[in-house]
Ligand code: TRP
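There is one chain below, alone, in structure tokens, taken in the form predicted on its own.
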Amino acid sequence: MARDILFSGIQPSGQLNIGHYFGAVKNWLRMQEDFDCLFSLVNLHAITVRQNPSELRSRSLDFVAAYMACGIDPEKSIIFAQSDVPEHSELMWLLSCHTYMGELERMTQFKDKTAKNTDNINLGLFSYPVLMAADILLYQTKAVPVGADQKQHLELARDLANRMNNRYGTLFTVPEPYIPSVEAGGRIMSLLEPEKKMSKSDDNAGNYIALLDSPDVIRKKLKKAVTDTDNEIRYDRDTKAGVSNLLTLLSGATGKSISELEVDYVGKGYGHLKVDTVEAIVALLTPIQAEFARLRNDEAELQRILKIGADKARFQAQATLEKVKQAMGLL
């Protein structure tokens, strides 16, 4: 029997961090066993912000190597660059003609990004949720792993799928969100500002643990991680955001539940928690970093994998696009 299709992508910007591993990639590893998965390097989304071309190319290969080092298997899943599949852009235009201005004006991320890029408020920043919808709908995607901050965009994709299906007949599968729980590592927070999500675009490197950080760097960052003054180790996002974040990190790295960890640390101080979290994260990342170095050293092989992935993705994308064009009366 055919399996449901899953699509997910990450922009090649900033540095992949431990939050992305726990919140996205770790779930991908499980889901590639149960779904037909497409994992895309969404580099067309990245250029809504000005990029250095050579740095973007290099960072894109870094991300592909990191995906694979974490366990994404090109024999099980399709790994490709969004820009290698022109059907994404073509379907975006067709969907744009059925998207209302008011829907895009309500997008909170547009407001956030324009506030940060006041000298480059371009059309791409405004319309990229339509490209995101095209990314998803192009492959008849059933499941989309999304964080809470992307749920609004998935709702637009669902609305467009239903709108097009109602007008032209069944063209698209209506996608469903897959949102991991906070306790499962779905939302790793900043080390120094635990009220906000850990971000790969953060200007302060002390706020995140990059997948390629050395043990010494990880140790220094976690030593400075915010806790509180009562020295009680328990999970409470409202009153103990920093401690809860450390427990979430340790839970993700060890596989122990947070409730188990709370029992383990009865009577212990924050120093014990930080030391143990360092050791667990270093143990997790050491083999990933070694595999990354091996993969990244062979750019020709990475390019070959991307080419195979793009060919497979285009085969699926073309079938959807042709159906849409015929339904809309395009020659």
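None of the values given here were measured: they were computed from a predicted structure. In case it trips you up, residue 1 is the first one in the sequence shown, and so on.
This protein has a second form, the form predicted in complex with the ligand, left out of what is shown; the following refers to that one.
Would I209 count as a contact of the ligand in the predicted bound form, using a 4.5 angstroms cut-off between non-hydrogen atoms? Outside the cut-off, so no.
Is V42 a contact residue for the ligand in the predicted bound form, using a 4.5 Å heavy atom cut-off? Heavy-atom contact with the ligand at 4.5 Å: present for V42.
If you check in the predicted bound form, is I136 within 4.5 Å of the ligand, heavy atoms only? Contact check for I136: yes, within 4.5 Å of the ligand in the predicted bound form.
Verify the contact flag for G23: yes if a non-hydrogen atom of it lies within 4.5 Å of a non-hydrogen atom of the ligand in the predicted bound form, no if not. G23: no contact with the ligand in the predicted bound form.
Can you work out which of I78, L250, I188, M132 has a heavy atom no more than 4.5 Å from the ligand in the predicted bound form? None of the others qualify; the residue that does is M132.
Go through M92, M164, V144, M198 and name the one with a heavy atom inside 4.5 Å of the ligand in the predicted bound form. If I apply the 4.5 Å criterion carefully, the residue I get is V144.
Could you tell me which of 232-240, 136-144, 257-265, 114-122 sits within 4.5 Å of the ligand in the predicted bound form, going by non-hydrogen atoms? Every other range fails; the passing one is 136-144.
So which residues in 232-264, when you check the ligand in the predicted bound form, have a heavy atom no farther than 4.5 Å from it? Heavy-atom contacts within 4.5 Å come from no residue here.
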